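The chain below stands alone, shown as structure tokens; this is the form predicted alone.
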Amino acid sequence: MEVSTILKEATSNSLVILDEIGRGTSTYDGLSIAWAVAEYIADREKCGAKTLFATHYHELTELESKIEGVKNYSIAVKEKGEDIIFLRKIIRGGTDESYGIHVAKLAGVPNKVVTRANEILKTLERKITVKKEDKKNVAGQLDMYNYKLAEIAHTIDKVDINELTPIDALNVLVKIKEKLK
């Protein structure tokens, strides 16, 4: 509800601070809403507010190259063996790590839980690596982060070729060409 209110009321004169939009939902679902919120706020015609957007969705760092005015920053971290030190310094660029287990350890979560979390993480990372390798072999698999291709695929998917007239086919091609711009 807070995000809804912010999106309705924020203007280019607003400073918006958002933390973890879309977290708590399924992975792609949460990422999608966070991405759409970031795009909406960055669009000067729709909102254009100055925004600090904190997220663990590493994929959102892609927006810096896709949307004018978006810049990535992260907290500098030094890894020392299995420990980390937050350097209390904001640096330019994104990060590939969320350090969730490290933060749990710093917060005093019992060592048995932290150890088990590390075991689970290693198992999950192995599964993700295998899935990524499998997906590379899937013909026609779209890059999830290339939203233009996803929009085009959605447009094509909605077309019922059995009902398509020649003029409708041309109109679909015009829509696709516009999305490629």
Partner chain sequence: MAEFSPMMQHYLEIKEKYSDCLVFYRLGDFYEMFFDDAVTASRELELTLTGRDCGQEERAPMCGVPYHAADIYISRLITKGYKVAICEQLEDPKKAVGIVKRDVIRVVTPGTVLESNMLDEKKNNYIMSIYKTGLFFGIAICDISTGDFYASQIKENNNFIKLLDEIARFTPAEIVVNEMLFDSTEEINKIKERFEVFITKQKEESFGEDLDIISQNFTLLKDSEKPVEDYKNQLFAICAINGLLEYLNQTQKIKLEHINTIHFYTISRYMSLDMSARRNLEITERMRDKGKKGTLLWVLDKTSTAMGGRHLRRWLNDPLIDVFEIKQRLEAVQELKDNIIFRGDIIASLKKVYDIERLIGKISFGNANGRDMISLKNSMKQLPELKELLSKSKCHLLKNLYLRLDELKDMSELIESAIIDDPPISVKDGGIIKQGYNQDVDRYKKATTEGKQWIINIEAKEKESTGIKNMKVGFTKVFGYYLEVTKSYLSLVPERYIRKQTLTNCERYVTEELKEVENEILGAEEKVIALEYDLFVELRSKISKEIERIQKSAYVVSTLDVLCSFAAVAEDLNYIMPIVDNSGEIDIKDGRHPVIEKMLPSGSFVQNDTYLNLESDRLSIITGPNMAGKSTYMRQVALITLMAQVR
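Since the structure is predicted, the reported quantities are computational estimates derived from the model, not experimental observations. Numbering follows the first chain given and starts at 1.
FYI, the form predicted together with its partner chain isn't displayed, but the following is about it.
**Q** At 4.5 Å between heavy atoms, is Arg44 in contact with its partner chain in the predicted complex?
**A** Because a heavy atom of Arg44 falls inside 4.5 Å of its partner chain in the predicted complex, the answer is yes.
**Q** Although its partner chain is absent from this view, report whether Ala153 comes within 4.5 Å of it in the predicted complex, heavy atoms only.
**A** Output for Ala153 is no: heavy atoms all beyond 4.5 Å of its partner chain.
**Q** Would Leu149 count as a contact of its partner chain in the predicted complex, using a 4.5 angstroms cut-off between non-hydrogen atoms?
**A** Leu149: no contact with its partner chain in the predicted complex.
**Q** Verify the contact flag for Leu15: yes if a non-hydrogen atom of it lies within 4.5 Å of a non-hydrogen atom of its partner chain in the predicted complex, no if not.
**A** Result yes; Leu15 sits at the interface with its partner chain in the predicted complex.
**Q** Using a 4.5 Å heavy atom cutoff, which residues in 45 to 65 contact its partner chain in the predicted complex? It's fine if the answer is none.
**A** Residues within 4.5 Å: Gly48, Ala49, Lys50, Thr51, Leu52, Phe53, Ala54, Thr55, His56, His58, Leu60, Thr61, Leu63.
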